[in-house]
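We give C-alpha cells for two forms of one protein chain below, kept apart as structure 1 and structure 2.
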Structure 1
C-alpha cells in the first residue's frame, strides 16, 4: 500500500493523531507554539503551558461602571449628509467649548466629541460633578441644542468602553501580569460594567492599577511675564513612540524611564524647547525638589523645569542637560529623538512606564460602585487539586460503566482513549491561545467527557445492533445512521450554548465556550476516528 492510499484509508485516524500531537506540543513544549521569551519565563513554575484564572490561581476580579455622561446623536453640523465627510475642526471646537465652560472645570482628557461608524455625533464628558442641565447648557454655547432629559444619558459610548477594555488589557500586559483579562459586562437596565480579572494580585494592587487614568504629560515650567512662572504642556503620552523599563537615574536620586519621541512630534518639541529658552539660559536651571511623594514649588529664582505629570500630579521635575540642549540647539536631536522621563520612586517609575506603553484610559472607572471578588492563592491551589481529582474520578467512573456495559475491550478501550484525546485537544487549544482556565472551564471539560462518551455509546450501540457487524457495508450504513443522530444533538447543543458564549454572563461563558468547542472537536475529529477504529476491530476489513 502506497503512502497516498494509506492516507486516504486512514485519514480520520491520522487527523486525530495530528491534533493530539499538536496539542501535546502546545501543552508541554516550553513556550508552546507561539509564545515569546517573556511568556516562557513567567511559566517557569508550571510544568505545562496552561494559564489559570482566578478560581485556579488566586487573584482579584473588579467590576466597575465608567464615570461619564453622553449626549447621543447630536446635531453638531460636523457631518456632510451628501458624502459623509467629517469636519474635524467643528468637533474640536465643540470639545474646546466644553473645556472652556465656566459652570464646571473639566480636567485634561475629560471631554470628547466623536463620530461613530454610522455617522452619528456623540459628545461625552467623563466626570460625575456635572448635571445634565449644565452639560446641555455647555453644548448650547457651542451651537448644539439638546434636551437634558431625552438626549443625555449616564454612561459612555460603546466606542469608549471598547477603548477602555483595550487600554486596561494593555496595562495588564505591560505590567507583566500573565493571565489577566478585561472585558465588558452588560447589566439589566442598560448599565455597562468593565470587568478586570488578574491572577495573583490583591484588590489594593488592582484597584491602584485601575484608578490611574494614565494621562502622562511633559510640562515646561519656565519664567513668564512680570516675574511669574508659566506651565505649558509640550509632550503628551500620544507623542511617545517607544518606552523602556525604568532604571535608577544617572543624574542622582530617583528613577528614569527612557523614551523615544514619535518622529511626527519630535521637531515641534525641539523647536519649542529652543523658543522658550530651555536650550539656552535655561540649561541646568531647575532646583525644584521633592520628598518622594510631592514636588515643592517654593522657590525664589527663575526655574526652567521639565515636569513629568501623571493624572495631573507632578511626579518629577528636572532640568535640561547640556548634552541634550546642545543637540536640540543645533537641530540634530530630532533625528534621534530620545530622552528620559523622571520619577522619584521605583513604583512611580514602573507606573509611568506602564502608562506610557498602554496609553491613557479614555474615561475613569467609578470604583466607589465596584464589585470585588478576591481569592487567595492557597485556596486556589486547593481548587486546582480538587479539579484534578474530580476529573480523574469522572474518567474512572465513565471507564467502569463502559466496561460493565460492553464487556468487550475492543469497544470500550477505544471509546475511553478517544474521549481522553478530545480533552487533550481542548487543553492544547487552551494552551495555544493562552486561555486562563477557571472552575467554569473545568466544569465544561467534565461535561465534554460525559457528552462525548454518550455519543460514542450511541455509535457502539447502533453498529452492534442485531449482533453481526462483520460486513463493512453494514457497519458503514449503521455508522451513518448513528452519526446523523450525533450531528443533530451537537447542533442542538451549540444552538443552546451560543447565547451563553456570546453574552457577558460571567462564569457561564467559560462553561459554554468549552462545551461548544468540545462538541465541534467531537463531531469533526474524534467521533469519525472512533468509527474508523471500531470498523477495523469489528469488521473483516
Structure 2
C-alpha cells in the first residue's frame, strides 16, 4: 500500500493521532507549542502547562459596579463640527458648573466632562446622592439641555471604565504583588462590573485598596489677606510626572516620597509659591504636627504649610525648606522640578507612592453591590485533587457501564480510549490558549466524557446492527446513518449551551465553552476516528 492510499484510508485515525500528539506537546513540553518558557519558570511545581483560575489556585476576586451616572452625547457646543477641534475651555467650564452646584456638593474628582474618539461629549458624575433631575438641572445651568429620563443613564462611559481597569491593574501590581488582573465584565441589562483578581490578598485588604480613590493633592495652607488661614490646591496627582519609592526623611521625622513635577505644571507651581509667600516669609514656618494618621490644626502663629492630601484627608504637613525656597525664588527650580512629598509613616508613604504612580481611580466602585470570592491556596489545592478524583471516578464508572453492556473488549476499549482522547485534546487546547481552568471547566470535562461516550454508543450500536459488518460499503452506510443522529444531538447541545457561553453568568462560562468545544472536537475528530477503529476491528481487514 502506497503512502497516499494509506493516508486516504486512515485519515480519520491519523487526524486523531495528530491532534492527541499536538495536545500532549502543548500539555507537557515545557513552554508548550509556543516555546515561550517565560511563564513556565514561574510555576515549576506544576508538571503540566495548564493554567489554573482562582477556583483552583487560590486568591481573591471582587466584582463591583462603578458608582455614577452619565449624560451621553450632550450638545455642549464644544466640538467644532467642521474640523473636529475641541474647545477644552468649554468642557472645563461645564465641569466647574457641576462642582459649583449648590444642590449637591461634589468632591474633587467626582465630575467629568470628556470627549470620546468620535467627537461626542459626555458628562459624568460619580456619586449616588444626586438624582437624574438634579443632574439635568445642573447641566442646564451650564447651558446644556438634557432630558433626565432619556439622556441620562446609570453607569459611566467606556473611557472611564477602561481607565479604572488600568488604574486598578497598576495599583495591585504596584503594591508589590504580581499576577493581579482587572477587567470589565458586561452584565445582562447593560451594566458593567469591574472585576479584580489578586492571587495573594485577603478580601479585606483588596476591598480597602479598591475603596480608596487615591486622589492626591498638594494643598498650600497659608495666611490669607484678612489674617485667617487659607487652603489652596497647588498641585494635583496628574501634575506629578515621576515618583520614587518612599524613604525615611533626611530632615527630622517621617518619610518622604521623591517626585518630579510635570514640566508644564512646574512653572505655574513655582510662580504661585513665590506669589503667596512660601519662598519668602513662609520658609520653615510650619509647626503643624500629626499623630501618625491625621494632622492637628491647633496653632496660634501664622502657618505656611504644604499639606499632602489623599482623598480629602490631610496625611502630612511640611514647611518649605530653605534650599528649595531659594531655587524657586530665583526661578531655577522649574528647570529641574523635583521635590519631596511628606508622609508620616512608611505605610502612608508607600500608599502615597502607589497612588501617585497608578493615578487616581476616576470613579469609585460601589462595593455595596459587590460579589466576592476568596479562596486559600490550601483549599484550592484540595479542589485540584478532588477534581482529579471526581473526574477519574466518573471515567471509571462510564467504563464499567460500557464494559458491562458490550462485554466485547474490541468495542468497549476503543470507546473509552477515544473518549479520553477527547479530554486530552481539550486539555491541550486549554494549555495552548492558556485558558485558566476552574471548577466549572472540570464539570465541562466530565460532561464531555458523558456526551462523548453517548455518541460512541450510537455509532457502535448502529454499525453492529444486524450481525457482522461484511463489507466496507455496508459499514460506510451505517456509519453515515449514525452520524446524522450524532450531528443532530451535537447541534442541540451546542444551541443549549451557547446562551451560557455568551451571557456573563459568572463561573458558568467555562463550563459552556468546554462543553461546546468538546462537542465540536468529538463530532469533527474523535468520533469519525472511532468509526475507523471499529471498522478495522470488525471487518477483519
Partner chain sequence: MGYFDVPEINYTRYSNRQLAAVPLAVLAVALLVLTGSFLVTGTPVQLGMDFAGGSELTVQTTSSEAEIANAFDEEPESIQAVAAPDTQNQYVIQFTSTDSSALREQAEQNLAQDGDADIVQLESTVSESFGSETQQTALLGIAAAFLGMSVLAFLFFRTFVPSIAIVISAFSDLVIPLAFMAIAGISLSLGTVAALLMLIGYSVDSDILLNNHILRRSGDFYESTNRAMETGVTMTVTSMSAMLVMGVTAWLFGVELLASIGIILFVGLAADLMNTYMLNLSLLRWYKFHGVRS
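Positions refer to the first chain, counted from 1. Since the structure is predicted, the reported quantities are computational estimates derived from the model, not experimental observations. Heads up, when I say rigid core I mean the largest set of C-alphas that superpose within 1.5 Å between the two forms.
Of the two forms shown, structure 2 is the one predicted together with its partner chain. Here residue 373 does not count as shifted, since its C-alpha moves by less than 2 Å between structure 1 and structure 2 after the core is aligned. When the rigid core is held fixed, the Cα atom of residue 81 travels 2 angstroms or more between structure 1 and structure 2. Rigid-body analysis between structure 1 and structure 2: the smaller part rotates 26° against the larger, C-alpha superposition. At residue 439, the distance the Cα travels between structure 1 and structure 2 is 6.4 Å after the core is superposed. On a core-based overlay, residue 55 has a Cα shift of 3.8 Å between structure 1 and structure 2.
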